[in-house]
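There is one chain below, alone, in C-alpha cells, taken in the form predicted alone.
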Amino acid sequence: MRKVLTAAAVAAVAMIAGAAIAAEPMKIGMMVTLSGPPAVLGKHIRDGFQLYLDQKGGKLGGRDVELIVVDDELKPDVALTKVKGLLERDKVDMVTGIVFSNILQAVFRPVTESETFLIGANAGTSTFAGRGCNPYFFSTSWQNDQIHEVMGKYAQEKGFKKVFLMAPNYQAGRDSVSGFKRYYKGEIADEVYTKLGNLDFSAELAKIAASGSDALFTFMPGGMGVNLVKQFRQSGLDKKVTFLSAFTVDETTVPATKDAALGLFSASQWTPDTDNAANKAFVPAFEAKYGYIPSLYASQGYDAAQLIDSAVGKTGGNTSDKAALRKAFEAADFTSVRGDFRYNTNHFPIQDFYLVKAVKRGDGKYHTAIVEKVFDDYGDVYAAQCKM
C-alpha cells in the first residue's frame, strides 16, 4: 500500500535534507582573470573575497567554505571550459568573480541554466541588466554604463565643448561609450575602439592631438590604463586636454603610473577614503594582510563574500532551497564598504557614484580620493526592461 506523506512529514524530510547539506563544506567557484596585464584586477577581487572569508574563520553563512579559484586567462573559450568543470566536476554551490564582460557573456548561460547562483564581482554588461536579467545572477559592482555616466554628466556640467572617446572593442567598451553619451550632449570629436589588450596608444594620441578636443574620455582597465596614462603625459597632451576616465586611474594602476596619474579624474562607487565605519575597518585590514592599497575591485570582492555570508546565513546554511536563497540575496542584508547598497529589480545595486582623482598619500603610496558625489542612490537605465 502506498504511503502518503503529510505536509508536516514533507517539511520534516526537507528540513533534514537541508540540515545534511548545511553540514557539508560549501563549494564556491571563483573565476577571475589572473593572466597577463589584467591579472591585477582578478588578484584584487580574489584578495578582497579571501580577506572576508579569513575574517569569518573560513565560514560563510555558518558553513565551512571550499573556495576553488580558476583563471579564465581572459579567453571566453577557456572560461567556458573551466566553468563547466566547476559545475560538473566540482559541483560548486555558486560561482563568483568574473572580471571582464566577454567572460561574463561566455559563462552566464551555463551557470544560470544549471540553476547555480552567479555572484558577479565586477563585469556588469547591459546584456544581463535589461531583458536578459536572470533570477540566478546578482552583481556586487555596478551596471557598466553607470560609472561612465558619471563622467558624461561631469563633462556636460563642466561645459566641455568637444570630447574624444576611446575604449576597447568589446561589450564593456561599447557600454562605456553609450553610458558617457547618455549625459554628454556636446560634440564628439571621434569614437575610437582599440584592440582589447592594446598597450601602444601613439596613433590614438596623435588623433586626439589633431582633433582639437578639450577633453578625452577613456575606459582602459589594468595594463592598458597604465600605458595610456604614461603615454598621455609623455605626449604633452595633459597641458591642453582634460583626462576623464573610468577603470583607468585606480588602485590597480596608480602604483605603476605614480606621479603621471596625479590629478587625473576617474569615476567610482568607492575609494579607500570612503567615509563609513565598515570601510575604515576594511582598508587597513586589507593593507595589513596584503601590503597594498585595495581598489574598487577588492571592495567588490569583499562585498561579494559579505553578500554570500548574509544570504546563506538567512537560509540556515541551506543552499538547496533556491527560492529561499534568492530571496535572501535580494535582501542584501549586509553593510557594504561603499555605504549605500540595495538591489534593484534586475539584481544590480542602487548606490552612490563619485568623481574621484588620483592622489599621493603621506607615506608615498598612491590611491584615488573622492572629489564630489555625482549620483545619489542611482539605479541603471536597463532595470525597467527586466521582467523578473
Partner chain sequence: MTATLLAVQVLNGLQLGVLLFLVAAGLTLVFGVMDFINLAHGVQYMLGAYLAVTFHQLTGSFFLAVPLALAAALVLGLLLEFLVFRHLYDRDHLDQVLATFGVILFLNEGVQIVWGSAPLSYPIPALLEGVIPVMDGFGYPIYRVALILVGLATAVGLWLVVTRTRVGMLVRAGATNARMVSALGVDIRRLFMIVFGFGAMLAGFAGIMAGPILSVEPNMGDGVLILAFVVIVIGGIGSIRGAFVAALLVGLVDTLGRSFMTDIFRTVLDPSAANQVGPALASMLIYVLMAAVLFFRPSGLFPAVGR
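Treat the numbers as computed from the prediction; the structure is a model and nothing was measured. Positions refer to the first chain, counted from 1.
What comes next is about the form predicted together with its partner chain, which does not appear here.
*Asks:* May I ask you to choose, among Lys84, Lys280, Arg109, Lys195, the residue with a heavy atom within 4.5 Å of its partner chain in the predicted bound form?
*Replies:* Answer to the contact question: Lys195.
*Asks:* Just give me the single entry in Ile293, Leu237, Val78, Cys133 that has a non-hydrogen atom within 4.5 angstroms of its partner chain in the predicted bound form.
*Replies:* The option sitting close enough to the partner is Leu237.
*Asks:* Tell me which stretch of 100-108, 248-256, 304-312, 262-270 has a heavy atom within 4.5 angstroms of its partner chain in the predicted bound form.
*Replies:* Heavy-atom contact with the partner occurs in 248-256.
*Asks:* Can you tell me if Ser35 lies within 4.5 angstroms of its partner chain in the predicted bound form, counting non-hydrogen atoms only?
*Replies:* Looking in the predicted bound form, residue contacts with its partner chain include Ser35, since a heavy atom lies within 4.5 Å.
*Asks:* Quick one: is Gly223 in contact with its partner chain in the predicted bound form, heavy atoms, 4.5 Å cut-off?
*Replies:* Yes, Gly223 is a contact residue.
*Asks:* Considering non-hydrogen atoms and a 4.5 Å limit, does its partner chain approach Ala324 in the predicted bound form?
*Replies:* Result no; Ala324 lies far from its partner chain in the predicted bound form.
*Asks:* Give a yes or no for Gln231: in the predicted bound form, does one of its heavy atoms lie within 4.5 Å of a heavy atom belonging to its partner chain?
*Replies:* Contact with its partner chain, yes.
*Asks:* Heavy atom within 4.5 Å of its partner chain in the predicted bound form: which residues of 174-196 qualify?
*Replies:* Residues within 4.5 Å: Arg174, Asp190, Glu191, Tyr193, Lys195.
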